[in-house]
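Shown below, as structure tokens, is a lone chain in the form predicted on its own; questions about how it binds or moves come after it.
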């Protein structure tokens, strides 16, 4: 087994790190204050091929592998501590790849090129006001109507609602079939007649909007069906495998940056006449956190490798193994990153509590992945329990 990156992957990683260090860091405070990702940032991401990068070149992407995308997610999480740019990136990467693999040719030609150019937004809509993972009680319905579908219901706690409304684009929306069993997965433009949006005020990730979309008998053309009719659930779960892997990578990038800041500080900060890093209480904590971050980082890289080797090639024979790998990194990475940032803030003392140090950006941003974005921690535990013990041990039906 070879853990080294190819020369091409190393060059790519260096390019994205340079972008993070020179562009994202310069804008991270302003995008948090202004509540949007500045157009120059998106333009540069598009120029570098970072928007929906797994999408094939024929639709405007760079045809990136999952490992390349995971590397980029890590560097973007490291560059923009607020996590807002990482959210934008991973949504378009994870769900753009799903549309590229399972969408109709008409939808791919129409939707993906402007997404890859940074002109439109692409996200996912599964969570509802009454619950995120409780699909048995999903309210949003779709029914056949002529040559297309009619969607009615509401989705909540979605990223990118205002971007899609104002810039164009939409969300891959999971709906329960009104007639009979099954789910339809549909691309629904947020500017379509019958849609209305509401923005929520988050505590972090301010550079990308969070909110709700209501669908009042929205007409959706048949070309926007993703996957097969009534079998959209499997496409949605396949998308979450990718998105959760990239979430984990972004969290690890933020944790690595926090450790770099912390190590620089404890080398220079003197207390009682010697560097803070000489005290074992700090040094041992650093050793523990570095080891945890490094361990989860390589788990994440393995999950991306499994996506490349199996899932993205349509091989479902390793579904359970991939679910275990992805759920474990989505479970651990946000917790490890949050704990790392918290501890580094404490190394800084009172200075760590100020906005001047910038650590609070990461503290607020990572919290979103603890409370539920792309699947809550307890949902990851349920997935792991199911895969380790068997489906009969799932606590719900």
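If you're wondering where the values come from, they're calculated on a predicted model, not measured in any experiment. Numbering follows the first chain given and starts at 1.
Keep in mind that the form predicted in complex with a small molecule is not shown, yet the notes after this line are about it.
Note on contacts: among 132, 148, 114, 275, the single residue with a heavy atom within 4.5 Å of the small molecule in the model of the complex is 132. Residue-level contacts in the model of the complex: of 71, 124, 162, 282, one residue has a heavy atom within 4.5 Å of the small molecule, and it is 124. In short, of 294-302, 201-209, 230-238, 216-224 it is 201-209 that has heavy atoms within 4.5 Å of the small molecule in the model of the complex. Among residues of the shown chain, residue 158 is one whose heavy atoms approach the small molecule to within 4.5 Å in the model of the complex. Contact check for residue 65: every heavy atom lies farther than 4.5 Å from the small molecule in the model of the complex. Contact annotation for residue 22: none of its heavy atoms lies within 4.5 Å of the small molecule in the model of the complex. Contact annotation for residue 385: none of its heavy atoms lies within 4.5 Å of the small molecule in the model of the complex.
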